[in-house]
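In structure tokens, one chain follows: the form predicted on its own.
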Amino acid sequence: MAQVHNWHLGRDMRYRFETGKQERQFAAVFNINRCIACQTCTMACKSTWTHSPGQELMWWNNVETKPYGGYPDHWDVKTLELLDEANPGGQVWDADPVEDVSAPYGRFDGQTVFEAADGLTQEAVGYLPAEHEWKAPNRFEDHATKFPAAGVSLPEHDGWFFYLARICNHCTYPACLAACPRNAIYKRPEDGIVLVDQERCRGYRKCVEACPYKKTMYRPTTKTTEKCIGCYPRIEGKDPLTEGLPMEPRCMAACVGKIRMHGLVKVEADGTWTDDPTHPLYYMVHEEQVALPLYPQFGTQPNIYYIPPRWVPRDYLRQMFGPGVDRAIERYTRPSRRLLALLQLFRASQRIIYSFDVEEGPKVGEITVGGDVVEMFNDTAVGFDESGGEIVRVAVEEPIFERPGKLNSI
């Protein structure tokens, strides 16, 4: 067993392999506050990758309603219970603020899925979902905790639910990769995308058991495991739409609610992100710390980050996203000028944005947030490609266009 650094946990941890060196890492930020659960992302993925025999129950992208929904059923609760059983009362954070990119959320003192395993019969603590648990990806959709007769208000709703969009996290330390006895799973060195070698896979389903997010799935017709491939042909620029330029995955490009921003971030040898505040994902994750990993205590260092929903009770969110929740919601509720402008770039282009800048504009108004007056400026966010060429520019204040005269409806 190797010792690797996990900056989500603020410490080193046990893992089967040494940290692999990637040139860049596939990553994304999902803004839960915008998600409307239209399932356009889900169907874009389904119609592209999992529409063949044996893939009927496969949803590489899914959107589930929390706190009750899940695909497969209750995947997160079951994994949390396994960890609590392995380390009773010990799954806790030392959440003292640390101004250090190697430990932005403090230190997790509990056990990860790797550390809770015996290392002999299991490389990572997990379970195999029963077949029926895969059959209802939309179970409990729109189910709230309750419906208060008096209504609800911020900062926390009395009755609540929210939509959680999920794909493979293309983890820095994938549990599926560690668990595979055939070494059939690997991370691509150019972008960190996690793939299954179909020639080596024998369908033992150790990866399905080990993945705490349950994003590796068994296909009975081929007797192999399949999973989200990060739409790597699009990442490689092989989609004719962009004429050889890198392009966002299908689920990102199809998003109606503009909740997603995808990118490729540079990483250091120990898995930490290279300091680059001009990169939109780095800026949100490290500079503003407004986007957080999903269940960082699992220990896989996932690379899909979430801006948490601001109306949900904080205890629930801290369990799901770690101790950085309060700071993230505060910074999203009262965004800096630079962050507010950056948020306009979500889904502004199908091409991958490698860096951004903000051109300051005039003050256009004031709003009151939690009793505080917040000034609004019509700044413009500009997104650039890898070579520094401009891809897109979007202003904070959307222009209004009035149609001239009466239009013929035919």
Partner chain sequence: MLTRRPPRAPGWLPARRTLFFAFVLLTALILRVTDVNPAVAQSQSIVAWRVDESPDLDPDAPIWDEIQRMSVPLTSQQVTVPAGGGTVPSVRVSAAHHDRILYLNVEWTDNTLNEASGAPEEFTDAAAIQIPAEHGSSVPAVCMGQADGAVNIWQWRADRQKGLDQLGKGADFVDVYPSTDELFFPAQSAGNALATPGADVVQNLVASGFGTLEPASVGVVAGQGRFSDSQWRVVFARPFPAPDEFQPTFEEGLEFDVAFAVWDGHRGDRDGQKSVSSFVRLKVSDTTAGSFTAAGSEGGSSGWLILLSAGLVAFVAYAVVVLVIPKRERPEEESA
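Small disclaimer: the values here were computed from a predicted structure and weren't measured. Residue numbers count along the first chain shown, from 1.
The following text describes the form predicted together with its partner chain, which does not appear among the structures shown.
Review point. K214: heavy atom within 4.5 Å of its partner chain in the model of the complex?
Key: No, K214 stays farther than 4.5 Å from its partner chain in the model of the complex.
**Study point:** its partner chain contact in the model of the complex: E123, any heavy atom under 4.5 Å
**Key:** Yes, E123 lies within 4.5 Å of its partner chain in the model of the complex.
Practice item. Answer with yes or no whether T368 is in contact with its partner chain in the model of the complex, where contact means some heavy atom within 4.5 Å. Key: Taking the distances in the model of the complex, the answer for T368 is no, it never comes within 4.5 Å of its partner chain.
Check your understanding: Hey, in the model of the complex, does T79 get a heavy atom within 4.5 angstroms of its partner chain?
Key -> Judged by the heavy-atom cut-off of 4.5 Å, T79 is well away from its partner chain in the model of the complex.
Review point. Can you say which of 124-132, 79-87, 297-305, 137-145 gets within 4.5 Å of its partner chain in the model of the complex, counting heavy atoms only?
Key: Only one stretch passes the 4.5 Å heavy-atom test: 124-132.
**Study point:** Listed residue (D315, E199, D96, E243) with a non-hydrogen atom within 4.5 angstroms of its partner chain in the model of the complex
**Key:** Only one listed residue qualifies here, and that residue is E199.
Review point. Heavy atom within 4.5 Å of its partner chain in the model of the complex: which of S102, T222, Q319, Q289?
Key: Among S102, T222, Q319, Q289, a heavy atom within 4.5 Å of its partner chain in the model of the complex occurs only for T222.
Check your understanding: Within 28-54, which residues have a heavy atom closer than or equal to 4.5 Å from its partner chain in the model of the complex?
Key -> Residues within 4.5 Å: H51, S52, P53.
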